[in-house]
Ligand SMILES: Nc1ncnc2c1ncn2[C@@H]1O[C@H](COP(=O)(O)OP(=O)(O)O)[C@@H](O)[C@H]1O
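As a starting point, one isolated chain is supplied in C-alpha cells, in the form predicted on its own.
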C-alpha cells in the first residue's frame, strides 16, 4: 500500500492527513502553540496512530503552511495555495473559487478544471478578515471560538461596525458592550465586517462558481452565512474544512510517489 503524508503547519493549528492510494485514510488536528517543529511531530504521530501505521509505512511526506520550513522530515514543500487548490478539487471537482479563512490570513483562490491555482490574493496586511479577528472578539466576550458561530446565529439586531480593521474593531466592540449590545449581535456584526473584507478579495480575484470556504473559519456557521449573504450566493463547505491544505499536500505527495518525482 502506498501511503502519503500531508502536513499543513499553520500559525494557529497543525494538520496531518494520510492518504492511501489517493484516498483519505486518517487525519489529525492540534494547536501549533508556536512550536512548529514539535507540533509537526505530534500531529504526525496522531495521524499515524489513527491509521495504525508507523512512519516507515509513509512513502512521501509533503509539508505546507506558515511553519512548514520547520518540518525537518518532509520530502517536499509545496505552497499552501497549491495545496488548497488540490485538496478542494479532490473533494469538489466543480469548485472554481476557494476562500480560505485561516488564523493569520484569508485568501481567495481561483482554481482551474485540473485543480491548479491560477490566481490568488490574500489579506496579509490586516487581520480583519482572518481568524485572528474572531480570537480577539472571543476574548473580549469571554467565550470560546467554538461558541461564536452558534451564538451569532441567534442575533436579532446585528451591530454595525464602522471599521473592518481588527485593531479598531476591538475598541468598537468594547464600546458596544458598554452600550448594552448583546454578544450575539456583536458577533453577527463582526461576521458581517469580516465577510465584507473577504468578499472584497473574491471580487478582485473574480468570482466563478462553484465557491468553497476552507480553513478554521469555515467551521464558524455564522461567518459562512455572512459570506453567503455578502456574495448573494451559496458556498460549499467540506465536512472537515480545516484539513483541505493538508489533504492537498498528501495528494501531491501520492502523485509524486507514483510518478517517481523527487
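Positions refer to the first chain, counted from 1. Here the structure is a predicted model, which means the values were calculated and not measured.
There is another form of this protein, the form predicted in complex with the ligand, and it is not shown here; the text below is about that form.
Novice: Although the ligand is absent from this view, report whether residue 189 comes within 4.5 Å of it in the predicted bound form, heavy atoms only.
Specialist: Residue 189 lies outside the contact set for the ligand.
Novice: Report yes if any heavy atom of residue 101 sits within 4.5 Å of a heavy atom of the ligand in the predicted bound form; otherwise report no.
Specialist: Residue 101 belongs to the contact set for the ligand.
Novice: Is residue 79 one of the residues lying within 4.5 Å of the ligand in the predicted bound form, judged by heavy atom distances?
Specialist: Contact with the ligand, no.
Novice: Determine whether any heavy atom of residue 219 comes within 4.5 Å of a heavy atom of the ligand in the predicted bound form, and answer yes or no.
Specialist: So residue 219 counts as contacting the ligand.
Novice: Can you say which of 209-217, 53-61, 226-234, 39-47 gets within 4.5 Å of the ligand in the predicted bound form, counting heavy atoms only?
Specialist: Heavy atoms within 4.5 Å of the ligand in the predicted bound form occur in 209-217.
Novice: Could you work out which of 145, 184, 74, 141 is the residue within 4.5 angstroms of the ligand in the predicted bound form, going by heavy atoms?
Specialist: Checking each option against the ligand in the predicted bound form, the one that comes within 4.5 Å is 145.
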